[in-house]
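Below you'll find only one chain, the form predicted on its own, shown as structure tokens.
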Amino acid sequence: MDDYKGILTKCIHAGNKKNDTYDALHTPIYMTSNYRLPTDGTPVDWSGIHTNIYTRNGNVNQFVLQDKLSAVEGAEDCVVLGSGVAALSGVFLTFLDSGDHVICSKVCYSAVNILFRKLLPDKYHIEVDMVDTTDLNEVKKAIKPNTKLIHVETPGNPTTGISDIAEISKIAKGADALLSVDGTFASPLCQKPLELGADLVIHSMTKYINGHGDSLGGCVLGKTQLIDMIKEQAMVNIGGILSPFNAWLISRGLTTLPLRVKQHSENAMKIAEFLEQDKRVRFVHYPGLKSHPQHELAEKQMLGSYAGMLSFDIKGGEQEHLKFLNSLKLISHAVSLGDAESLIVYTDKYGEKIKYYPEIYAEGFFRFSVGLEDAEDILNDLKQALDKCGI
């Protein structure tokens, strides 16, 4: 790995291949499904993960992205896969066997909910306890003799709850269990789970790492021994490989990650402060606000900025909520997060997963991914939409 110290330099230069045949300054896209095999009698490992004999086993653009991410996250190694869900399920299927027990954050991404509440218990007889991981006592009480994995999402999606990675790491080690942390909401720049004792950190690269809303991808980072196991199982044998084109797109997006996260964070703080002061807003949760339930922990655990995700709700009923949503002009009602554009998702009080969230969310809420637009333009859009609600 290149020995770069600055995060801006790492995002731009780490992992790049300098020996292209035509001396290209940037690593080209290697759009090939296979590579030449040796003809000198050298044995070929058909399921190998360290040479590019076939794109499912690895490809040049994948190697560049993995090295770049490892440098940014401060990890020994990295595997990139076809989506964030591929990265998550790759961890779960690699390290869990029938009869094992898992502790998972009750507030988590929808696909993780499905995997742990239905698929893994029903098909693979894996025991699961979904607990409030912002409460260390709940984590401790959930430990069993067969606990093999604690999976924490922090900040939690969509409530932005903060779980104490360092303390949960101690609990996991005491139980001889792995700790995996989904840090997608924070990006690799606002939080370093591996430094806090996590064994694995997972990101949906579709979000902040790529940042442009034009490709899917997921990554897992940690010690080489663990990452090799995921590569062999989830990448080669299950086939969750990331395409060369998407690896190239995400590598391109990663070069501007520090600049984008800085702007996301600054904008989000301004928006959160505005919403907190507006009497028409029922609540707002953003880790950077002193009013956030785990603000002190966020200050300690996150790296001085809190990225661009917040949740909030306005007063009034369903009619007012929909009026607000339909009055937005700049902000788009769309899923995903971490894009250049501001994106908002509305969950009404009948939402399937709302029962898993803190009580304040029971009447419905908005999840807001604050974009890179001028903060004043975002604020003006929120103000005019609130004005039209009549609340």
Ligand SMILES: Cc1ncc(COP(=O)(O)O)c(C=O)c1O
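It should be emphasised that the depicted structure is a prediction, and the values quoted were computed from it without experimental measurement. When you see a residue number, it is the position in the sequence shown, counting from 1.
Quick note: we don't show the form predicted together with this ligand, though the next part is all about it.
If you check Ile314, Leu88, Val102, Val139 against this ligand in the predicted bound form, which one has a heavy atom within 4.5 Å? Contact with this ligand in the predicted bound form is made by Leu88 alone.
Just to confirm, with a 4.5 Å cut-off on non-hydrogen atoms, which of Gly253, Gly222, Gly84, Gly240 contacts this ligand in the predicted bound form? After the contact test, the surviving option is Gly84.
Does at least one non-hydrogen atom of Thr133 fall within 4.5 angstroms of this ligand in the predicted bound form? Because no heavy atom of Thr133 falls inside 4.5 Å of this ligand in the predicted bound form, the answer is no.
Heavy atom to heavy atom, is Gly211 within 4.5 Å of this ligand in the predicted bound form? Answer no; every heavy atom of Gly211 is more than 4.5 Å from this ligand in the predicted bound form.
Phe95 near this ligand in the predicted bound form, any heavy atom under 4.5 Å? Result no; Phe95 lies far from this ligand in the predicted bound form.
Indicate whether this ligand has at least one heavy atom within 4.5 Å of a heavy atom of Gln191 in the predicted bound form. Gln191 lies outside the contact set for this ligand.
Look at the stretches 255-263, 300-308, 275-283, 201-209 and give the one with heavy atoms within 4.5 Å of this ligand in the predicted bound form. So the stretch in question is 201-209.
Does any residue in 141-175 get within 4.5 Å of this ligand in the predicted bound form, counting heavy atoms only, and if so which ones? Sequence-ordered list: Glu153, Asn157.
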